[in-house]
Structure formats: C-alpha cells, structure tokens
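Just one chain is shown here, as structure tokens, and it is the form predicted on its own.
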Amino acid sequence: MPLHINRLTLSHFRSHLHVLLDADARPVVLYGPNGAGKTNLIEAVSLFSPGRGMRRASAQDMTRRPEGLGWKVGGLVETPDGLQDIAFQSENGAPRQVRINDKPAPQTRLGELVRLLWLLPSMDRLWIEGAEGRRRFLDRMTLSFFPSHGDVSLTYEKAMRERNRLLKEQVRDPMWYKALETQMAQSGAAIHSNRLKTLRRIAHAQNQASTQFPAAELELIQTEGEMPETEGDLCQALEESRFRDLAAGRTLVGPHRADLYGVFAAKGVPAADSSTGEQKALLISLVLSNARALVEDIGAAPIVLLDEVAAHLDAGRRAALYDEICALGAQAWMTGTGPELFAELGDRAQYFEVTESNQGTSIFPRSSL
C-alpha cells in the first residue's frame, strides 16, 4: 500500500476552523484564490514530519485568530508499518504534542513512519541566498533517509549553544570546553557522514533516471577552511579554534558552517548563475530524485508537498512533473490558483476547491477535470 494520508482533520489551525478531508493514494490538488488557505492545509500535512513544519512556524503562530484557543491536527496515514492514527495538539501556544495510535510519541517516531518532502515558492532563491537555507534543504533530504539525523542535529546544536555561551563570557579554562567539544565532535561527525551519504544517494537517483528535469551536481563545502570529517579531526579542530572562537564569540568550525554547492550539470554552470527557471527546475529535479531514492530504500514513495509549483512551469514541464509523480506512486499535495494548472493530470488526481467566506474556509471535493 503506497504511503498516503487517508483522512486529514484540522481544528482552529491557521485560517481553518474545522476541516475534514478524505483522500486516497492519488495526488491531491487544492485550488482556489490566493489567501483562501491552501498553503495552510499543506502546512498542516508537513507537521507529520519531525521538526517545525515547512514554514518553521511556532505553535502560537499556527493558532487561528482571533480565538487563540490552540489547535489540533490529525490524520489516518497508510504507512509501510500499517495504518497509523497520528494527532498533534497545541494549547496556549505550547509546543505541539504528538500522539500515535492514541499514545504519546516523540517526533523522531514520525520520521520512521512518514517520509515527507516539500518544495515552496520561498525556496526559489535557495541557490542565491545564504548558506543556512541550503543547509536546511540538505538536512531535510538527509532526514528523509536517516530519521535519527534530527536527534544528532539537536544534540550538536545544544552543545554548541552551551559552548557559545562560554565563548561570549570569555571563559578560558579548557576543562569547561572538553566535554562539550567531545559531544559536538561525536554528533558533528555523524551529521557530516549522513549528509555525504545523502548526496551519494541523490546522485545515484539522478544518474539512473530518465527525466525532463536537469540534473544537479552537488558538493558539500565549508564556508571557511576545510571541513573536519572524522570525530577525532573535529574534536581537534574545535580545540585549536578556541582562541579564534573566543575573539568571535561563537564557534567557527563544524558542520553548521557547511554549504551546499550546486552546478547545472548539462551546462557546467553554477546553480547560482543559472536562470530563474533553471534554478527552479534543478530544485524540482532534486525533490524527484530524493523521492526516487526513497522508493529504492523503503519500497514506497514519500508524501510530497508542492506549493504553487505549477505556476512556474510551462505546460510541457507541468505534464512531465505530473507524469513522474504518478510513476513514482507518490501522494503529492499540490496547490494552485485554478484547475487549469492541473489539466495534464486528468483523473490521475483528486481535486478540492478551497474557498473563503465570512464563515471561514470551505473545502469542496470536485470531480476530475
């Protein structure tokens, strides 16, 4: 059974007062005017993956206004481990609580059950903006292959925050740093290893595919100096960098300083120097390659969220994208302003019209276009 959401329920989430949406394993098309709440719906779906969701919003920001009562999101999800009843709840802006089959569960369990990818309009400038966005993009891909990647990343960040506090306070006693640097070296080496394995899997998936979307050659680089790859190398680099870090008041070496460098393979042109359309096509290619690699890994395509993706593609590219999604067997949740953007999908998808009124957002199932 393909990985997919059978039923999505929302209560007081963003612009939605109450939502009950039943779906099957086919792609899901959500169309309607700007501001109707389409992106809010797929943001709710993004919560079925570890982390803060596709917008990286706080629980407070997801609360419907003006009530401010907190919110609930739930879903019945077909997974390789069988049907799962997954629910989230936040009260008074508190971090969301996860329940799986009516039992409390850690977010890491979501990564084991549900593999989920997304592509948003805000990511269109990924190649030309700061390294942080590219690291986040790479880590989302990495998390899809290695659900434990989220835990090691949190361990690294927690130790680094404590080390940075010592640096800002100009603490110079080495004994204060040793345990933190050991922890950072262990988790940092795991982060680096996971990222490299992910890039190899993406490259293999691109090389094995017949697709109309261009391949990207990807490389993990360090924003300054060389990247320590092993636990021992990173521990030594952190120790040697203390004097420089004390002057800066922050840690200047480690996987948090990495960057993802991309090249449009067919032209040999850096992704940052490619046209806007080429940059978008490269991102779509990477998401599709990630999905293909996951099919090889777990025997099922991930759930894919594509916000307003059709608006940036001509009819030929749209048809190619839809063909690849359907060939993968992925339940892709796609948004757009009008049904004409999905004409090439035909009856291979299920359609929902999203409208807004004085009573709130309404969602109406529609027949195939």
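All values derive from a computational prediction rather than experimental measurement. Counting begins at 1, following the sequence as shown.
Beyond what is shown, the protein has a form predicted together with a small molecule; the following relates to that form.
*Pick from 340-348, 326-334, 38-46, 310-318: which stretch has a heavy atom within 4.5 Å of the small molecule in the predicted complex?*
Comparing against the small molecule in the predicted complex, the contact stretch is 38-46.
*Contact at R125, E219 and Q222 by the small molecule in the predicted complex, all three, heavy atom at most 4.5 Å*: Negative, none of the three is within 4.5 Å.
*Can any non-hydrogen atom of S11 be found within 4.5 angstroms of the small molecule in the predicted complex?*
No, S11 is distant from the partner.
*R55 near the small molecule in the predicted complex, any heavy atom under 4.5 Å?*
The answer is yes: R55 has a heavy atom within 4.5 Å of the small molecule.
*Would V29 sit within 4.5 Å of the small molecule in the predicted complex, counting heavy atoms only?*
V29: no contact with the small molecule in the predicted complex.
*Is there a non-hydrogen atom of I303 within 4.5 angstroms of a non-hydrogen atom of the small molecule in the predicted complex?*
No, I303 sits far enough from the small molecule in the predicted complex that none of its heavy atoms falls within 4.5 Å.
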